[in-house]
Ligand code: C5P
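Here we start with a single chain on its own, the form predicted on its own, put down as structure tokens.
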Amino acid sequence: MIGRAGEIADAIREESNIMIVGHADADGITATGIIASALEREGIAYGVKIIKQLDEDALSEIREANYPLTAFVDLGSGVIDELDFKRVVMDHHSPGGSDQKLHLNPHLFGHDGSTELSGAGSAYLVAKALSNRNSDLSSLAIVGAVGDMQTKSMGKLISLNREILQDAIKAEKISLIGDIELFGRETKPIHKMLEYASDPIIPGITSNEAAAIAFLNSVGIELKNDRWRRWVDLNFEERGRVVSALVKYLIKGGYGKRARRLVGEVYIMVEEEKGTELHDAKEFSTLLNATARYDMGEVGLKVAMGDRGDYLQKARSLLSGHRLQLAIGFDVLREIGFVNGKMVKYVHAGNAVRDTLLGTLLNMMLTSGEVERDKPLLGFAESDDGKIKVSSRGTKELVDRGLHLNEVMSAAAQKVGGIGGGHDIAAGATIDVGKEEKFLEVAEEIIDGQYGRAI
């Protein structure tokens, strides 16, 4: 992979003006930020385009822009053979073609792109090949990997991601600690962190503010002094007391597996202010995701590249709205309900939820206990361009049985004239209105076949 990264770096050095095309999520935004920062240091001019998907409309716009070189980050592998212009690709999604020229993707080198290297990680390898001074950009690659949920299967970064983590630690950009992994360590009041716990769910406490407060009171935690205390405000002994009590609570309730997911590796952004969204890599990635979900990825890019003024405030405003929309969307999906198909559970949200939130909402459903985890979840929603966005989410157990959602989304979409791709555990597609039933039929056939092959 290092050799391929070097080849791409050489191709970049030859140009004076480059278009960067990045995917509209935290991984894509950090990947774009890494390459943009590296180009600035090399004195190379660049333009940026952050997009939801690389469909024919997007490709036409890129061709019309007519840059001497286009750098695709966190996307491009799925349509690699259609990129009929001068380009380099730094991605981690399953490749959809045979062209390996100037194409850096972990799958091409025997690595898993859903757990071992993110799109931002691929971009970082190229940035480092451009110059060793770009080692400080490793922290952005970690934010991208965490945002892409690359810690989910093992509870920590592994393989190539871990090598990048070591670069970030060596550069004194990130510190690694063992701590509670619930979202909101930095910014939420302690009782709210417990109330909103979703990975893992804490039965009887999650979604119950009074129960969360009562639990903390029972272990002697002071909730407020001059303001509500956050997890980062607790001392070491207090944190240990809460974690110990939570573990005992879950084990007593028969949820021992969930107890094991409470504590793990936490990645701290050393130079960021404690108690802010930027101090914890998980919260940082959520902030960036919020900007992308509302078509404001350029705001997230500015934050990723160091803006701590107006753009950061805009990003925080988008995050606040994002949290509200997720809560509303979760209730909407719960109310509509999932249909229990032969091989999947599916829901059609129409225009009741934003299509860019659908994947996140499916993930929330999987971790919430609201639906059984025996089948992958699939959702349909109307997008602003009059198409149907399809999102799918699975579990590690289902992947181990043979599920590969990238293959499902890609092949089913192709059958109905759409486009799809992603990872084995999470993938998406875009299809025309009215094609949902046929798409679902094909998807279920493919999944049935995947399980049969595994057996």
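So that there is no doubt, residue numbering starts at 1 and follows the sequence shown. This is a predicted model, so every value here is computed, not measured.
The form predicted in complex with this ligand exists for this protein as well; it is not shown, and the discussion that follows is about that form.
- Of the heavy atoms in His191, none are within 4.5 Å of this ligand in the predicted complex.
- His93 belongs to the set of residues with a heavy atom inside 4.5 Å of this ligand in the predicted complex.
- In the predicted complex, this ligand sits within 4.5 Å of a heavy atom of Met149.
- This ligand is not drawn, but in the predicted complex it has a heavy atom within 4.5 Å of Asn363.
- Shown alone, this chain has one stretch from 278 to 286, 241 to 249, 152 to 160, 226 to 234 that lies within 4.5 Å of this ligand in the predicted complex by heavy atoms: 152 to 160.
- This chain is displayed alone, yet in the predicted complex one of Ile388, Ile44, Leu398, Ile419 has a heavy atom within 4.5 Å of this ligand; that residue is Ile419.
- Only one of Ala38, Ile50, Ala412, Ile425 comes within 4.5 Å of this ligand in the predicted complex through a heavy atom, and that residue is Ile425.
- In the predicted complex, His23, Asp25, Asp27 are the residues of 13 to 31 with at least one heavy atom within 4.5 Å of this ligand, listed from first to last.
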